[in-house]
Structures are given as C-alpha cells and as structure tokens.
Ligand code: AMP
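Below you will find one chain, with nothing else, as structure tokens; this is the form predicted alone, and questions on how it binds or moves follow later.
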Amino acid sequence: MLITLDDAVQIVMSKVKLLPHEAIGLDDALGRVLARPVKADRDLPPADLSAMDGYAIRAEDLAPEQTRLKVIGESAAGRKPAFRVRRGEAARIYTGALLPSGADTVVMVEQCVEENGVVVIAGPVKPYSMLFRRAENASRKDVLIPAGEALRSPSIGTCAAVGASPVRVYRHPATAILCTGEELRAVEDAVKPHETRNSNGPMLQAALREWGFSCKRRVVADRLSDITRTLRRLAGENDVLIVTGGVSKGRYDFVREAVERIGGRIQFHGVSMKPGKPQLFATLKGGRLIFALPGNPLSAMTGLHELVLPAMRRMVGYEPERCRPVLQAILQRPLANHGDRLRMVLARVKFDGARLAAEPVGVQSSGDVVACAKANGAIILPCETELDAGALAEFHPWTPELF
C-alpha cells in the first residue's frame, strides 16, 4: 500500500536518533553542528581599544577651537602601555591598541598635527568617541553560538576569538551506497548496448558530499545471496545504508528480501510520488537506517533529497525544521498534475531580482540523467493541481547554496 510523501517523511524522522558528539579542531569544523554552545571566555573586547589611528586624550582637555597637548608616548596593538595620560597630555595610538590609563577619547590622526612633541587638534571632537568599548560585543560567559547551529566561516572566527577549540559537534554518520544491478559497469569501462555505466553511485555520493557528508560506494550483482552478504557486512560498519535498484517487484528485485534477512524492519515500501514510487525504508537495531531507492536516476535523487538527507541532517544535530528545506519560487510557465500521485517536477531556480524564479526542466523519463543535471531541485505538485505562470510553487532545493 502506498503512503504519502509527508507520511513517509514523518516515519523516517520518527526513527532518527541524534548521533553521539565528538571533539574536533576548528580546521575540520566547517559545516559541523554544535552539540554544546560556544561561550565567551572573556569580555569582547577585553578592554577599551582604539577604533582608529590617532591620539588618545582626556575629553576634559578639549578646547573649543584648538587643543594643544604634550605627546608622552604611544600605544600599539599587542603592547600594554606603561604610562598614564594626565592633564594636558596625549599619546599616539593605533587601531586595536589598548586605551592608556587616564585617556577616554581617541582623535583621528586626520584631525591632528604633531610637531616637536606637541600635537595640535583642530576642529570639533566628540568626547569619548572612536573607541571599541570593553564588552560591547559580548560579556564573559555569554553564549555566542548556540547548540544546534552549523558552523560557518564567521562562526569559526568567533570560536577562534574565544579560544573554543576543539569544539563539541555531532558525529557524522558512517554511510555506504550499494548499487545493485547485473548490468552495471565502472565509469571507465567500455560498455555494450545491454550494459550501463554506474551513474547513480557517483551522483549520490557527490550529492552527499555537497551537503557535507562522506560515504563509501559498492556495487553488487542481482543475486539474493550476494546482496544479503554485502548488506550484512555494510550494516556492521555504517549508520546509514543507501541501496539503489532492485527495490521494485520484478523477478530480479531482491533488495527487500535481503533487508529482511539481515534483520531489517520494513517501515514502508512504496510512496505515492512520481518519480520514485518504490522507495523502501527499514530500520536495524542500534538506530541504523536503510534506504532503498529505485534504480532510475531521477527516482534515486528524489528519494535521496526527500527522505535520506533530511534524516542525515537530523542525525548530525540540525533542528527538525531545517532538515528538509522548502522555498517558494515563481513559476515561469504553467504546470498541471492530473494524476493520482504527487509529482516531483525537476526545475532550475535562479534569482530574478529579490525573487526566486523556477523554470521546469523537460524530462523524458525517470532514467533521464541528462535532465537531472539541468535541475537544482524539484517543484512539488500535489495531485489534481494546476498552477499558472506567475504562481508561487513549493520548491525543494537540491544544492546547499540555495538553502
């Protein structure tokens, strides 16, 4: 019995468990999700600092027209000044340097002229200005990046600024792709008309890598014993198994039986969607997951993005609402679905000003890997639905730059 895609997603997500966390250095932390928040180890800035090159002075020394002050030293970044600015005195100061004791204002160098140890300040000066004030960005023990946040390049900079290395992040799932099919040959091989180069394996592996996940890849022939033996071995080494092909009801479709033989509990087999109806999802002891996707490239990709990747994102700590990204895009031409299954329409979106515009991609069949390369996601078209050009459509991105 077919279930809806929404029900399938709900079942998958209900079986997902967060993976344990681990400590890793910042060089390896980009894109990883924090299991523990990053806190400030001290005030940021840790003291009053100069925001400009110029002169550190006392505001009470400023005269209405022109101010003349004796220069007693300088404060540079990375050095602690060993003097105090007193009445009638000034100190050269550079961007990022500590404000010397006694000073409370910085005057831009452009407003100053120094000669014979005296600085002349011309023009109006705003008292207590040109400073980075202590703790104006954060105070010690403030949470700077919450748990559940994926680390981006600015986040890495923040971690570095507060000495947060290593960081505690959720472990990524050990993952394997198993492509089944007697007809499959290596990409480098010459092929005969009855043979097929294995495009699913590299494509799915690359899609996982785009979203930050690594995996290994295997190929097995359409023999129940071989599939069972390979699945059992991979299940002992991985958190997630992704199988392609052999999942329908043909004579050589052995994947369901092989999954059951290794102890897999079938959660569903068949989703009311096109392409990708014969999707299978099973669970193993210890929270391990098996996704069996159809062998046709478009069906495999829809299954990967609608079911597999949301589960993997949740396993590594993404909040549920961020596991299956959904965008709204403006259709560039009309679309209709008069069938009894939800339709996934391959499309390419791009920004049209501030809006996303979606252009459906012509597809010949669910095996049309050429059309797949032209798309960067899929429009979700429910049963008995007609959308005019200019209408807003639900779009599911397949590339992280749209997320």
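The structure presented is a predicted model; accordingly, all values stated were derived computationally and were not measured. Residue positions are given as counts along the sequence shown, with the first one as 1.
Below, we refer to the form predicted together with adenosine monophosphate (AMP), which is not included among the displayed structures.
A.B. asks: Identify, from the list S165, T283, N137, S199, the residue with a heavy atom within 4.5 Å of adenosine monophosphate (AMP) in the predicted complex.
C.D. replies: It is S199 that has a heavy atom within 4.5 Å of the partner.
A.B. asks: Using heavy atoms only and a 4.5 Å cut-off, determine which of E183, D104, E114, D226 is in contact with adenosine monophosphate (AMP) in the predicted complex.
C.D. replies: Only one option qualifies, and that one is E183.
A.B. asks: So if I measure heavy atom distances to adenosine monophosphate (AMP) in the predicted complex, which of the stretches 148 to 156, 295 to 303, 87 to 95, 231 to 239 falls within 4.5 Å?
C.D. replies: In the other structure, the partner sits against 295 to 303.
A.B. asks: Although adenosine monophosphate (AMP) is absent from this view, report whether D142 comes within 4.5 Å of it in the predicted complex, heavy atoms only.
C.D. replies: No, D142 is distant from the partner.
A.B. asks: Is D253 close enough to adenosine monophosphate (AMP) in the predicted complex to count, meaning some heavy atom within 4.5 Å?
C.D. replies: Contact check for D253: yes, within 4.5 Å of adenosine monophosphate (AMP) in the predicted complex.
A.B. asks: Classify T244 as contacting or not contacting adenosine monophosphate (AMP) in the predicted complex by the rule of any non-hydrogen atom within 4.5 angstroms, answering yes or no.
C.D. replies: Contact with adenosine monophosphate (AMP), yes.
A.B. asks: With heavy atoms only and a cut-off of 4.5 Å, decide whether V316 touches adenosine monophosphate (AMP) in the predicted complex.
C.D. replies: It does not: once adenosine monophosphate (AMP) is placed as it appears in the predicted complex, V316 has no heavy atom within 4.5 Å of it.
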